[in-house]
Each structure stands twice: as structure tokens, then as C-alpha cells.
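Quick heads-up: it's one chain on its own, the form predicted alone, in C-alpha cells.
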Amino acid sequence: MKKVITVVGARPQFIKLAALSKALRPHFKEIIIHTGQHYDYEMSKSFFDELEIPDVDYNLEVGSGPAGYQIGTMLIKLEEIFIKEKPDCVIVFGDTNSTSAAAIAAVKNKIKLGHVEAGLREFNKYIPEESNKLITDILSDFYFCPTPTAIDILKSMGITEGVYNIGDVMIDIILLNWEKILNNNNPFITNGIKKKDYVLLTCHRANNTDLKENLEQILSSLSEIKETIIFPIHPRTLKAIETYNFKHYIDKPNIIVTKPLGYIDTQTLIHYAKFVLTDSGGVTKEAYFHEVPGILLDLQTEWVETINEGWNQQAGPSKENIIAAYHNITIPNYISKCLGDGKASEKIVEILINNL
């Protein structure tokens, strides 16, 4: 069997790996490397357990730190493994430091590189995720694009070889767990809420947690949203709230703060929410798939189709814009299902079989 190394390091990548690994293993020998970029147990190992992802073969345990430290440390450790394992292909996901580090290490060792979620852009190279996208897409051999827009963006960069519109692998794993998601009552019992009687909030991007004024704009807007708000709090966000003494903004009767949630509970809460408030690209598209409207707390998004079709409103970290979007929440009459048919992983495997 040909050998494929998959490299992950953060929550959204674990979800994508869960779908792809199931499809890969009947045809390839898969080696999983976890960089340890997400070092919090509840945001890492619990996802592997819940989604039945195979045990990792290597855990680099890089942990947090400046981008240069993370990428440099990953590069050194990944190269050692690539030389030892001699894979036929390396697969990376999304746009984290783990993604760009593995891309560089693969190409420097003359190994074929596949990028899941290729072609997405936010058109601001100073956004950490954007620079990781650019690095990876310049170096890839297989471009596994989630939307037609991604295909067009790559074409505008002069990249037309090895480009495939396979849909979004995150939709694969939702469909694989569909009955569990629909029939899960755990988050409602635990938090004392009813279906379609709450709003889900997620906020974790560095631009919103590291900049005090942005985080204050977001949190201060919550007092104007007359809904029960479920807020699973990211460790980075909790640290920022404590650092800036912003706890009073979330210490409200209508705001339920929880620890980070598992995958099934998160999907259930998205599915049955009135709407979501989020700066997460993953939640943005998951809400779209569940046909739940959203307010985006970031100034850029790769998922432009969700805005063009009216499912998401882009407010950014602005109290005024967030409140305006709240008063303008509607459920559109049209959805193109642009994220694919839930068979993205199967399509990736077929492409690899034909090309490796």
C-alpha cells in the first residue's frame, strides 16, 4: 500500500481528519501526526475519542507560542519523521501553523503535497491564517477545493493543474453523525434550555481576543441581544477576558458560559439555534449547512457564498454592526448547498489512487 501522512494540530483539522481517515485507510497506509498546536485536552484528545479518529502515530507536543517558534519547531520535528517514514504523499488541512509547517517540510523533502480546503482567501496577508493559506497553496500538488469560488481564486493565481472541486470534508462528518446530532438532548438538559430558544456564540480568533477594543465591542453588544446566549468559551478567549477584566460583560442572567464542547454537542447546538454569532470559519459553514443564519464577528471570511445567499451577515468586531445585524436576522428562501454532497473524502481518495 502507498503511504500517506496526515498532519493535524487544531480542532477543525481533527474534524476533517475524522472523515478523511475513514475513507483513506482501506486503500492507503495512513500515518497521523498531531503537532500539539492545540494543547488543551478538551479541545484535542476529546475530539479524537468522540469522532473515533485512530490513535496518532506521532505527537509533537509543540504547544502554544509565537508563530515563528511554532512553525520552526514543527518544521524540525516533521522533517525528521518524513525522512524516517518516506511517505508517498502528505495531506494538510485548512490554514494553521501546522498546515504551513508541514507543507514546507514536505516540499523540501520532495514529497507530494495535498491541501484540503485549498483556494480559500481573506485577502489580507497579515491575518495569520491567510499567510498559511498562501504558503500552502503555492507549494501543493493536489488542491482539494471546497467550493467553486476556491477554484476561481486558484485560477486567478495561475494555478489550474491538480485542482479539484470536491466539496467540504466537514460536511462528510456531519452526515456521518446526523442521527446522533438530531437526537442529542445533552446540551439542553445540561444548560436548561429549549430547542430554537437560544443563540450560540463562539469567539476565538486572535484578532478578536488579542485586541482589547475588538473583544470589548463584541462582549458589550451582548447586553443588547435579548436572547439566551450559550457561550462555550475558548481558552484563549477566557484568558483575554480575565486579563482585560471583562468578566462583567458575560456575567449576565441570559448568558450561559460553558467549557469548550465536544463535536456532537456543538453540532446539536448549531442545528437547533435561532442564529449563531461567530468568528469561526468552521461554525460559519456548519451553520449554513444546518440552515441557521449567522452574524460574523470577523471582518473577513472565506465562505463568501454564505453571505451572498443571505445566510450570514458580516458585522465584524463592531457593537453597532452586531446589533444592527441582530435586528435584521432573517431566514433566506434560497440555499445553493455549495459545500458539496458529503462525499468529499471519497473523492479525495479516488484522486490519490489515480495519481500516486
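None of the values given here were measured: they were computed from a predicted structure. A residue's number is simply how far along the shown sequence it sits, counting from 1.
Omitted here: the form predicted in complex with ligand UDP. The next part is about that form.
In the predicted bound form, ligand UDP sits within 4.5 Å of a heavy atom of residue 15.
Contact between residue 47 and ligand UDP in the predicted bound form is found at the 4.5 Å heavy atom cutoff. Interface residue remark: residue 137 is not counted as part of the site for ligand UDP in the predicted bound form, having no heavy atom within 4.5 Å. Proximity of residue 204 to ligand UDP in the predicted bound form: non-hydrogen atoms within 4.5 Å are present. Considering ligand UDP in the predicted bound form, the lone stretch of 83-91, 153-161, 186-194, 257-265 in range is 257-265 [heavy atom distance within 4.5 Å]. This chain lacks the partner; the member of 214, 221, 147, 280 within 4.5 angstroms of ligand UDP in the predicted bound form by a non-hydrogen atom is 280. Among the residues 118, 276, 106, 170, the one placing a heavy atom within 4.5 Å of ligand UDP in the predicted bound form is 170.
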